[in-house]
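Heads up, the chain below is alone and in the form predicted on its own; it's given as structure tokens.
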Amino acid sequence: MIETTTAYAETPEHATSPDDMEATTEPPGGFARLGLSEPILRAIAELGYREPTPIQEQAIPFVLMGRDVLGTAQTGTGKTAGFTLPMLDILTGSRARARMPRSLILEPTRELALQVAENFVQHGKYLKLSHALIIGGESMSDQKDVLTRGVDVLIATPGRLLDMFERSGILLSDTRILVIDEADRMLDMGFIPDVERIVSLLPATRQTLFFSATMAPEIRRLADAFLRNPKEIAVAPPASVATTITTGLVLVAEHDKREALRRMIRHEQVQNALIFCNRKRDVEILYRSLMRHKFSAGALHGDMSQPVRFATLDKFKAGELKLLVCSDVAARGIDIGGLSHVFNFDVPHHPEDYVHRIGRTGRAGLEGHAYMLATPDDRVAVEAIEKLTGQPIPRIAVEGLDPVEWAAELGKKRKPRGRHGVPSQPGAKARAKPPASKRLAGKPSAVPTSEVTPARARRSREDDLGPGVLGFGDEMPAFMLVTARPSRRRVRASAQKQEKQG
């Protein structure tokens, strides 16, 4: 039987943060009532945290009781401390054996694994517990050496952990606590088969903590398979935008998006900014475009090597890079203080992702700015975001670009059309296909046809990506590259002629 508790996450403007409060060395009363030990309370107090977030308050007591926990919560709700703090208390008092970690935390990305490791260092500074990271891009032999000395907490990505196991570098028979974090991202990235295999290698008598931002049917199936009588905790994602964030929506034609972004960056007083794209491919294209136009920019997506990702992040945090173009998966769990701007180069597919993206700025009472670029076809996605947040996103214009409107508002609604583009009429047969010039006349367009010529579009792409980077059919229409098929009449005539000649 599953017990259910629902809590509501604090909105960014009300979230408790060490940046907006004075640190104290006294054990904070909010955390003390959860049953945590004195060394952990002292570490929390020195970090400046006084009150637990909703998921921490709900989860910590049940983890300390040894119960399985099923948590529905997004990154940014404090769930990492919700399992690291009680784990530290449970693991205190005994020692780990060589190559046999006492607890295991599975993360979908290396950046998230590093952030969890930082939590253990900060929260466990007064405890004699060890941890190890098993992630890609690092020396396998160095990681084996750390495991040989014995670790209390092992933080790993699924693929590298299985590599280590197959090389006989690790044994999981002594693991008593398992944490599966960001299960929905594990599913998106194709890690679920690896996770299932890892779980099969663990003892049946263990405590399992399972966290996911969403609870899709596949995620629920996994939870049912991995957990025993779990305590279910649902933390509603924040749906409001912090009052410290100034938002804006720029509606432009698709071919003007990169130019609009460049003009906004130059016009705004951008100290540092995250720029979100929906796809890894678009991250790379936009990054190259910004570099070509002499912007201080870096890129972050899942196909990059580990050393490059770490180096890029370090440069951005140190202020050596002004702009960081990234995908949601690569940026998940990355917390950068004092971020002045967030640009949504693409309208996110899920409204909740919009709130999560722009929540990176305007923190700790500081002023932030979040702007989104949309094209005429993005109307439904934008309206879904406005419905979730309960407020419209103010429209702003970029000087020098052609104004456009939502696709559904362009021109009058046309009659339904049948085959060959001819208006359908009941009881009437389709007439001959009209000439191309008449078919194209009056077709609605976001930008006047006279202004969007093939030459202009080609110059725009070359301006962004460099000369020679053109798509199929830029120099010659695609239909001209296909050989026309002879008609049946000509085929028959040719065959009859050959018969007579034979």
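Rigid core (definition): largest C-alpha set, two forms, superposition within 1.5 Å. In case it trips you up, residue 1 is the first one in the sequence shown, and so on. Since we're looking at a predicted model, the values are computed, not measured.
What follows is about the form predicted together with the DNA, which we do not show.
136 is the sole member of 150, 248, 337, 136 with a non-hydrogen atom lying within 4.5 angstroms of the DNA in the predicted bound form.
Checking 119, 92, 244, 278 for any heavy atom within 4.5 Å of the DNA in the predicted bound form turns up a single hit: 278. In the predicted bound form, at least one heavy atom of residue 160 sits within 4.5 Å of the DNA. In the predicted bound form, the DNA lies farther than 4.5 Å from every heavy atom of residue 114.
Although the partner is absent here, residue 327 is a contact residue: one of its heavy atoms lies within 4.5 angstroms of the DNA in the predicted bound form. The DNA in the predicted bound form is not approached by residue 221, whose heavy atoms all lie more than 4.5 angstroms from it. Residues with any non-hydrogen atom within 4.5 angstroms of the DNA in the predicted bound form fall in just one of 123 to 131, 160 to 168, 288 to 296, 374 to 382: 160 to 168. Positional change of residue 304 between this form and the one not shown reaches 2 Å or more at the C-alpha, relative to the superposed core. If you fit the rigid core between this form and the one not shown, you'll see the Cα of residue 184 move by less than 2 angstroms.
With the core held fixed, the Cα of residue 381 is displaced between this form and the one not shown by 2 Å or more. One change in the predicted bound form concerns residue 357 and residue 190, whose Cα atoms lie at least 3 Å closer than in this form. Between the C-alpha atoms of residue 188 and residue 353, a gap narrowed by no less than 3 Å is obtained in the predicted bound form, as opposed to the form on display.
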